[in-house]
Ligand code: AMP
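One chain is shown next in structure tokens, namely the form predicted on its own.
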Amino acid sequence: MRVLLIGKSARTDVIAETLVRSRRKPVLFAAMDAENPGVMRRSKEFCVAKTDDAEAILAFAERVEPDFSIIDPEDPIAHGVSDALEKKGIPCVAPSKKLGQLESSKSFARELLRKHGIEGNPEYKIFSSSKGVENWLTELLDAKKGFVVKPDGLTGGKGVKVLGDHLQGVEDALAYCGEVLAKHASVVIEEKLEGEEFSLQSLTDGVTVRDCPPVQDHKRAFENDEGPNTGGMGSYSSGSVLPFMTKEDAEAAHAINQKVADALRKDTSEKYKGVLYGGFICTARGVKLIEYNVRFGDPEAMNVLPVMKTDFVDVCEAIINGTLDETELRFENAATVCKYAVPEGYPAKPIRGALLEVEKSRARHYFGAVSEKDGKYVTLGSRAIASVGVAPSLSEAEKIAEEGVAAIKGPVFHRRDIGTQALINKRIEHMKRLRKNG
């Protein structure tokens, strides 16, 4: 069994680990935007190439002749790399470019839900020019709903701006919409939702949808959810529901993912094959959809893949062959906490080129934006190393994750509050208040 993995991050590292621990003992080949110490150690051979360059990826694939491939990030999907691989007879655990619009186009996702009457949409409007924007912003404010401005395209997770967090009023929002429309065909403006966010990463062959445990990510750079947004400073999971969720919340999110897979198949006659990741929010009015991603989350992959009990190679084959209905997706009954060590100055002015050492601990370490030199790690400017604790309880998993970050020596910082009871209690109380008043 030969597997081609396309990626570049700590998420790619955990996918690589999950593949190589398979009883099938696959031989791993990796194509990466930059050298990743963890992926390199797990691979028989790797190449460094732009992962959204279909020609470069195909050249490597044709040489190593994989039985199947997995595309980790969204950019290669949006640039048609999965289509190119499939055309050459290399099955892909990733959707086509057309179905990948679920992430690459915010309007595509919103309109799909609207067309098929799938619950979960907030109030929204799509604009291809500034005409009517001010009226819609004012209408949302008058209804005491607030607003969120989203570029209709990929922005590396950093394009969404929210009233109160990034935008102070209509004037700010109009200026930002102007910036967005200079780069993108359209902009989506939605009502601001209040609640607690969670990620539901489902695996699907386009018909059957199997869920991973829900995860909560923490985007803010600093403790107590302060500071600028980041790609994600850490995350936690605790089995089939998170502490602030109900069983009905998880079922509602699953139902939306299932209906979306069905709607895509109906509209395009194509089956969505890969990770269908819904970013959801529990509100007083039920579960709403924030956005879709067409791959695992980073850091959320670090919460679900280490506790997956089903053989991941079997799961990948079932996705490709359309037999996921015959495969049960099983996970350890465990809690997980992931904390990222990031360079000092991150995200605005991160230190690059600093040396890190990683001592042994009970935590699992996954390598992100670092290179390796003489047994030490060199920061590249983004999230450096993820520390993951897995344990029967959240409190123990948090201790292990914290121990793992303490083992990373060098000019880095992390959020100590992720996975702590104090922060989780705030989430629980927040939802109690909303449900009571809603």
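Everything numeric in this text was worked out from a predicted model, so none of it was measured. Start at 1 with the first residue shown and count on from there.
One more form of this protein exists, namely the form predicted together with the named molecule; it is left out here, but the text below deals with it.
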query: All of 148, 160 and 197 within 4.5 Å of the named molecule in the predicted complex, heavy atom check; finding: yes
query: Contact assignment for the named molecule in the predicted complex, among 192, 254, 184, 79, heavy atom within 4.5 Å; finding: 192
query: One residue of 207, 126, 118, 290 in contact with the named molecule, assessed in the predicted complex (non-hydrogen atom, 4.5 angstroms); finding: 290
query: Close approach of residue 273 to the named molecule in the predicted complex, 4.5 Å, heavy atom; finding: no
query: Interface membership of residue 106, the named molecule in the predicted complex, 4.5 Å heavy atom rule; finding: yes
query: Contact test in the predicted complex: residue 265 vs the named molecule, heavy atoms, 4.5 Å; finding: no
query: Touches the named molecule in the predicted complex: residue 98 (any heavy atom, 4.5 Å); finding: no
query: Among 81-89, 242-250, 137-145, 184-192, the region lying within 4.5 Å of the named molecule in the predicted complex by heavy atom distance; finding: 184-192
